[in-house]
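Below, in structure tokens: the form predicted alone, a single chain.
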Amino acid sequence: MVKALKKKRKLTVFDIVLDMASIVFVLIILLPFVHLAALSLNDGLDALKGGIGLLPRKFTLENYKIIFQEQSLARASLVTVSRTLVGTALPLLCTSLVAFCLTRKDLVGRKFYLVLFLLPMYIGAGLIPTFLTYKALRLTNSFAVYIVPNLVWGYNIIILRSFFETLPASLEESAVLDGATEYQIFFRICIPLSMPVVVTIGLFNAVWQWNSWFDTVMYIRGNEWDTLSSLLAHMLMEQQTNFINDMKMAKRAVSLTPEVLKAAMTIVTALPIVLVYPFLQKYFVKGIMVGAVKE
């Protein structure tokens, strides 16, 4: 036993190539973000000369000061966090329930419902009909426009339904013999055993909700329900428009230009979701362990 523990695994050529490929892949993903961070921390006028690498040449925090001095930033951040949390939890619950129902072979109209959820994946109503529908339902200019249209996604239904169907039927049969209801089977058996796919879909929904800005532009008037992405986009458009014409902005151009402002906005928008992801990754790995069916 001691000899077996002391015996080291030999490092093969394949392991070396795999490690090197992994390092190169990580660098390809990481270096652009480091460059953006360096650009966002550099003086705007100096950045116009080019040549900014992985470190700022003329360090300044003026770019971030302009962003965080925006009065609407706190409200936009609250709206973004709220739509991310609610827009992830509710759609995940509704999508999971629909997928679970579609696994019931005694469901009346099961094939019809399945086709009904598949059609929107291939056929779109178009922008104008969608806007008119949302307006008729009084979803425009409200927080509900971020949540209600995305409660059920056909693609996620197919993924969850396929995963639910792979669960051992003996588990459900045992639960039924013990007197479990459909809700108890769903919440105590299907969901715990399906944590890998549930967490993955929840992560995709959260990232999409956090980064989404098009629905704000199309269906929201005013700045009451502005999200972080849309607010920063408006700030960038204003900076680009007034950069030359407005004298006040021209004086500020020494330390603030559209290029460095765009880099700072990218960091501000992406950093929260990047910091949260490691915690979600931990639950994702835990979900894989929970989802393992032991013999």
Partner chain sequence: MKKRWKKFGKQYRLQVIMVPMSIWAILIFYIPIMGNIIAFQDYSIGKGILGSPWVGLKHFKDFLTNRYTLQLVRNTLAMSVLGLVFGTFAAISLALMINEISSRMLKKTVQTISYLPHFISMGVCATIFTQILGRRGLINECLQAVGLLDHAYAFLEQEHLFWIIMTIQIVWKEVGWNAIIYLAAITGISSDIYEAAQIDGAGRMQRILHITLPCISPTIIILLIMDLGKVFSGGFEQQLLMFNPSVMDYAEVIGSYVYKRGMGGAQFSFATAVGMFQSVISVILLVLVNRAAKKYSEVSLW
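We call the rigid core the largest set of C-alpha positions that still match within 1.5 Å between the two forms. This structure is a prediction, so every number in the text was calculated from the model and none was measured. Positions refer to the first chain, counted from 1.
Separately, the form predicted together with its partner chain exists; it is not shown, and the next lines address it.
Taking the partner from the other structure, its partner chain in the model of the complex has a heavy atom within 4.5 Å of a heavy atom of N211. Contact annotation for T166: none of its heavy atoms lies within 4.5 Å of its partner chain in the model of the complex. The closest heavy atom approach of L41 to its partner chain in the model of the complex falls outside 4.5 Å. Remark: P192 does not count among the residues lining its partner chain in the model of the complex, judged by a heavy atom distance of 4.5 Å or less. Considering its partner chain in the model of the complex, the lone stretch of 170-178, 135-143, 192-200, 75-83 in range is 135-143 [heavy atom distance within 4.5 Å]. Contact with its partner chain in the model of the complex holds for none of F68, T88 and I158, as no heavy atom of theirs lies within 4.5 Å. Within 4.5 angstroms of its partner chain in the model of the complex, the stretch 167-200 places a non-hydrogen atom from each of T181, E182, Y183, taken in sequence order. When the rigid core is held fixed, the Cα atom of T269 travels less than 2 angstroms between the shown form and the other one. Once the rigid core is overlaid between the shown form and the other one, A47 counts among the residues whose Cα shifts by 2 Å or more. A movement of the C-alpha atom of L232 reaching 2 angstroms or beyond is seen between the shown form and the other one when the two forms are aligned on their rigid core. A shift of at least 3 angstroms pushes the Cα atoms of V26 and V199 further from each other in the model of the complex than in the displayed structure. In the model of the complex, the CA atoms of R75 and G44 come closer by at least 3 angstroms compared with the shown structure.
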